[in-house]
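Starting off, we have a lone chain in the form predicted on its own, written out as structure tokens.
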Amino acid sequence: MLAQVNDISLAFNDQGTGLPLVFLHAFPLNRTMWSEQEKGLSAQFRVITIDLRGHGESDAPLWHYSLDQAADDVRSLLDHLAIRDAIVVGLSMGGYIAFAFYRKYVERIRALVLADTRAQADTEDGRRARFDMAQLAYRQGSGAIADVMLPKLLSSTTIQTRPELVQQVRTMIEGNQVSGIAGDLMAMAARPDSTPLLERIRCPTQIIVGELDVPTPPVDARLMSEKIPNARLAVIPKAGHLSNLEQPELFNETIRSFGLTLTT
């Protein structure tokens, strides 16, 4: 499905009924990364997955991107769907957008799920690496980005033993336009430190992290769980950065259990 929001066309899926779960995907993927969550959770929840601007079937304008702008797109889609509030599930970049959404639209958040993400801003080296990756995308295209990102997104065991999943992630990355890849890299590089926000988060919060996550390791998840009042923490065994893809059953059960506490 497509919605016209903020002068762009935003692609999304909307399945099931009940308490809405809004899934915000990782960089540089798209909404199909949530296919196992759609299958596993739509019998009990209303599951909404979004291609963020610059990704998948959504428009990828050649202009400045920001995480606040992505949060505005999510808010506009909720308005389009007449959803007052929802559980916002953000993984990696999706988690950064969830923080931006909380800052701007806290009244639209029923609860938060922060998966394989972190509160800290990029270091100088991190910002430089994002700029270099944007230049790589400009010079060599999305295939070169897939080569760089796959070892970061998936555990080494998955890369060695699950070629079909590796190809699924590669296809998502290569399906994105360079304008969206570069735009999001610059948006993430410019994001603020969300650590001071953590102790002010008052909604129910579930934190999830893959045991083998390298870009946002369990230590980052524990920091969030310690600072957000009453936050829950789940460490998914044998999973890297894309814990929802590497261990979908455990990921789904964590969200299901969390969501059901909000409906009773």
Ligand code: MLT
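Please read all numbers here as calculations on a predicted model, not as lab measurements. Each residue number is its position in the shown sequence, starting from 1.
There is another form of this protein, the form predicted together with ligand MLT, and it is not shown here; the text below is about that form.
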Requested in this report: Classify Leu153 as contacting or not contacting ligand MLT in the model of the complex by the rule of any non-hydrogen atom within 4.5 angstroms, answering yes or no.
Outcome: yes
Query raised in the report: Do Ser92 and ligand MLT share at least one heavy atom pair within 4.5 Å in the model of the complex?
Result: yes
Query raised in the report: Taking heavy atoms and a 4.5 Å cut-off, does Trp34 contact ligand MLT in the model of the complex?
Result: no
**Report entry** Contact of Met188 with ligand MLT in the model of the complex (heavy atom, 4.5 Å)
**Finding:** yes
**Report entry** Per-stretch contact check against ligand MLT in the model of the complex, the hit in 58-66, 24-32, 232-240, 40-48 (non-hydrogen atom, 4.5 angstroms)
**Finding:** 24-32
Query - Listed residue (Ala134, Ala71, Val169, Met149) with a non-hydrogen atom within 4.5 angstroms of ligand MLT in the model of the complex - result: Met149
**Report entry** Complete contact of His80, Phe101 and Arg108 with ligand MLT in the model of the complex (any heavy atom, 4.5 Å)
**Finding:** no
Report summary line: Contact check, 98-125 vs ligand MLT in the model of the complex, heavy atom within 4.5 Å, ordered by sequence, gives Arg118
